[in-house]
Structures are given as C-alpha cells and as structure tokens.
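Presented as structure tokens, the chain that follows is alone, the form predicted alone.
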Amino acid sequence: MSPTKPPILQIEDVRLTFRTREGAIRALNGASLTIHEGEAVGLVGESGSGKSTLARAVLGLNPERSSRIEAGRILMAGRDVTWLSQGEWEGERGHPVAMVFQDPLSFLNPIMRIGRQIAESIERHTPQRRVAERVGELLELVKLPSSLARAYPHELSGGMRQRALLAVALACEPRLLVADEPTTALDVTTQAEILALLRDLRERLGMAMLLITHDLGIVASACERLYVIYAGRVLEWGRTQNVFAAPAHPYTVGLFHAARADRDAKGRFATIGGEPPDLGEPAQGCPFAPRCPKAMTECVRSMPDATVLDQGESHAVRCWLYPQPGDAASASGRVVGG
C-alpha cells in the first residue's frame, strides 16, 4: 500500500436524508469510512443502521428525487464524486467501483441469457476486449461452466446466480467491489463457497472489497478492517482482530454477545434492549444512548469525538466512556470489556 496514493474510497462525515411526506429521514448522520487499494473492509450493524444506504451513496444509487446528501464528501480514488449528476454517475459505475447485491434474481434481467448480460458489461467498460472470449474467461473466473452462458437466470441456483452477477461486476474490471449482503439468501455451504471465491478473486485481481453484512463471523474470516454503524453513524472501527479482541463501544459489545448466542443470568439469549431510534427526530448526542446500559448525561447532550485506543491507531471509538482527544483524565474503570 503506497502512502502517497489516495485511498480507493474515502467517505468523510456524510449526512444523507430521505424526504418523505412525514418529513426528513436522516439515514446517514455523519458517516465516515476509508478503504485503501487491495484491502477488505467490513461494514456491520443491525438492519436499518444505514449500511446499504452508505453503499448505494458510493455509487449514486439512492433515489435522486427523494434523497439528498446534505453535507460531507465521497472521494473515489481521490476524485470528489459527491455531487455528480445521474448522467455523470453512469460513467463511474463499474469502474473504479462495482457492486453486487444480496438478491441477484432481482438484478439480473430475467429475459436475457447470462452470457449476453456479461457481454453488455464488457462492451460498455472494456470494448477493446474480444467479447465472446472474455465472457468465457469471466465464467471460468467465478467457477461456472461456459455452457451457462446460454442459460437464463431462473434456470440457475441461488449460488450460481450470485456468481453470474459477480461475473457481470468483474467485467467492469473494478478496483473496488462493494458486496451488499452477498450470502444472505444462501445456504451455509454455498455461503462458504461464495466467500472463498471472493477471497480468491481479491488475491488474483488485487481488488479491494467493502463487505456489508450483519454476520460477524463472515467479517472475522474475510475482512482486514471493520466499521460498526448504528443509526447512520460509525461508532467504532479498526483492524478486525483488534475490535474482536476488545470491542469498545457498548453497541459493539451487544452485537458480539448476540452473535455468539450468549445467555444472560436467567438463561435467555442475549439481546440489545430497547428500540432503534426514530431517524425522523434530530439526535444531538450518541444515537445509542437510549438503549445503552452505560449511558451518562453527556451521552444525550453531544456526540463525542473519536478516541484512538492503541498507539498504532488501528482501533478507534466514539464513546464518552473513553477520554476525548486532549483530555488528560484517566479512563480507568470505565472501559467496556469484550
């Protein structure tokens, strides 16, 4: 990773709202995220936390009429793409950034053969390639037989459709692949196969990846770094092994307990109490404060700055349980355990 080369993706304090009849919905409320060339980054959080909205913002896929970025910037390979028009976005999608979705049957054309759909992507993004030959290469790359080029999406299994959609994305030769819940609708065996394929493709192509999921086990096996998002805010981030070894934010701790199927003192499965926040209401403080077992008065009043938890700056959190930058006060006795 070159220190002088800009990140392939840099999201800086993005605030995005959806306009509805009931008022503005603050889907992203100061989200930040960075991905460097060739690295795999996970984005985790509950349903409705803003994961997919953030991913779609990266490619300008949120509805133009009802959504608006109010503040912040999105930089793609150093270029500011925050305010691109829909026409300009069409020239950006696919290269340098491509995306695969969790339900490939909804994004593959049901009346077009798989080979033709891959060919369209090749013709648009790499017209210098020999199309028929390249279709065969891509099918082989995602471990599908070349004979499936003549198949229709409904003739394939779920895992095959996900591989076909991946071939369409790879035809664009992306430097960053955004994978939005790519294994959600698949059985456990097929999930493992798709994850192994993604790891293999990253190594062979030198491609970076943003993996969006609620499955912490997938993040642990596939990602070098992770971000934890809640109510449109990133609350904790760092190297995956560091965050897993010592989760710092109470929300992250709750996610980990639930993922491990831990039980409470009464033998019931661990859950995060309370209800997700109303994104239509402005939030001054930490959005998790109403559900947090360690909430203090300050948590409701304002959102803390990021606290770096190690000298290598590989783990950081936004939480009042930790000293703020420039604060000499000790955090002894106030740190949340794993």
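Just count from 1 along the sequence shown to find any residue number. Every value quoted in this text rests on a predicted model; they were computed, and no experiment measured them.
Just so you know, the form predicted together with a small molecule exists too; it's not on screen, but the next bit is about it.
**Q** Is it true that Thr20, Arg56 and Glu181 each have at least one non-hydrogen atom within 4.5 Å of the small molecule in the predicted bound form?
**A** Each of the three qualifies.
**Q** Heavy atoms within 4.5 Å of the small molecule in the predicted bound form: which of the stretches 302-310, 30-38, 285-293, 48-56 has them?
**A** Selected range: 48-56.
**Q** Flag Gly273 as yes or no: does it have a non-hydrogen atom within 4.5 angstroms of any non-hydrogen atom of the small molecule in the predicted bound form?
**A** No, Gly273 stays farther than 4.5 Å from the small molecule in the predicted bound form.
**Q** Would His214 count as a contact of the small molecule in the predicted bound form, using a 4.5 angstroms cut-off between non-hydrogen atoms?
**A** Contact with the small molecule, yes.
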